[in-house]
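Before any questions on how it binds or moves, here is one chain, the form predicted on its own, in structure tokens.
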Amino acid sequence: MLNLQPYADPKYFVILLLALAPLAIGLYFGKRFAWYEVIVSFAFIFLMFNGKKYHEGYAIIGFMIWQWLLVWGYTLYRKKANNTVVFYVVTLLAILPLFLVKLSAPTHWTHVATLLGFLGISYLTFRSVGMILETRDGSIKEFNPWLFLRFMLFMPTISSGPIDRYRRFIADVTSVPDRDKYLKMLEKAVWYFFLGFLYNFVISAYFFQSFVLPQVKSLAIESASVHGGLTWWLVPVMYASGLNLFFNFAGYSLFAVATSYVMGIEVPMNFNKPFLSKNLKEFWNRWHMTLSFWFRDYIFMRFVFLIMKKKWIKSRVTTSNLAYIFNMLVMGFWHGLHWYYIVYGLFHGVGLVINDAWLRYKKKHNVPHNKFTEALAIFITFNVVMVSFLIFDGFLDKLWFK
């Protein structure tokens, strides 16, 4: 039976573009075929989870029913009351399936992963939790089952993002771009498809994954075995794994954005030249931006607001420092319950604290700012990020503990 994994090979793209052609023709003439769009999305989701992945198909159905009941129920409740405990309980219940799936890996609960896990569970959780948070704030006042399904099961971004917001998505999906705008979107889509192919298939899959990484990791393991776990071969492993992470993930994101543009939906971009960042805070404004901004808006800012509202800490600097560490630790745990993900989150949390301290020092002492210092800042930031990606890769776990 045909099984299509998102953006995995040229066959997927041929079938995808043929399926989207009627939708594109309709948009060109100012018509959005909503039912056809939904049928295409559901068909591709079905093809993702059929065959050997049938259990993931059942899992996503159960997940959607669960999230539907939570978001719908909380929307009805929010019209009458706004109890904080209820809000936290509903939010935790929405996160529960993802938490159990993440917990299943280190605890070897394979039955839990089989029962609840499916490709894209993280990104669907972000969507539903975001809706609950915005309902709590009063930004979302009504629950529309049809629009909820279209938002949650929007096919292009289901597997790897970008992470969209409900109100932004609904504004697009309930309107039709004019012809000039849509032609510009198609022009961008073609460019993003070609750039995604270069990033994902040529640079990441062929150059790094098939050629560079197997070689340098093998040499690192061999050298570390006779040097107490440390070796200079970790340096090329660090750069190769870090660059591979970018090209692989950025490639998938470009495919998702391009497909969305063909469907007349302007999902936000995920990357903006992150390796040109002059400091760590700027890096997180350029890297996996939809994730970074989601955490900033829904975790960092709320954590800061809670501390200030309760007056637990008077110092704004201390509050922001704690929020940085808490925010990035949560992000680390979200990636998985392995030590290297948690250390990765802590690394960036502490890094942001140091970054803010340096920016305050620069402002106070009028540290020189010129092209040389900018280039130095980019160089330092790039290498700090590469060290964090070496941790994130999990190779150190294999090298030192297995």
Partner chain sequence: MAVKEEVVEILNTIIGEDISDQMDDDFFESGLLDSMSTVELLLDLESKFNIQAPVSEFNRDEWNTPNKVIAKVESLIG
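From a predicted model like this one, the values you see are computed outputs, not experimental measurements. Positions refer to the first chain, counted from 1.
The next section is about a form of this same protein that is not shown, the form predicted together with the partner chain.
Judged against the partner chain in the model of the complex with a 4.5 angstroms heavy atom cut-off, the residues Ser139, Arg167 and Arg316 are in contact without exception. The contact with the partner chain in the model of the complex, taken as any heavy atom within 4.5 Å, belongs to Met308 out of Leu92, Val235, Ala171, Met308.
Residue in contact with the partner chain in the model of the complex (any heavy atom within 4.5 Å), chosen from Leu195, Leu329, Leu119, Val304: Val304. At the 4.5 Å threshold, heavy atoms of Ser320 reach the partner chain in the model of the complex.
In the model of the complex, at least one heavy atom of Lys363 sits within 4.5 Å of a heavy atom of the partner chain. At a distance threshold of 4.5 angstroms between non-hydrogen atoms, Glu282 is out of contact with the partner chain in the model of the complex. For the chain shown alone, Glu222 is not a contact residue for the partner chain in the model of the complex, no non-hydrogen atom being within 4.5 angstroms.
Judged by heavy atoms within 4.5 Å of the partner chain in the model of the complex, the contact stretch among the candidates 308-316, 104-112, 155-163, 205-213 is 308-316. Along 40-59, not one residue places a heavy atom within 4.5 Å of the partner chain in the model of the complex.
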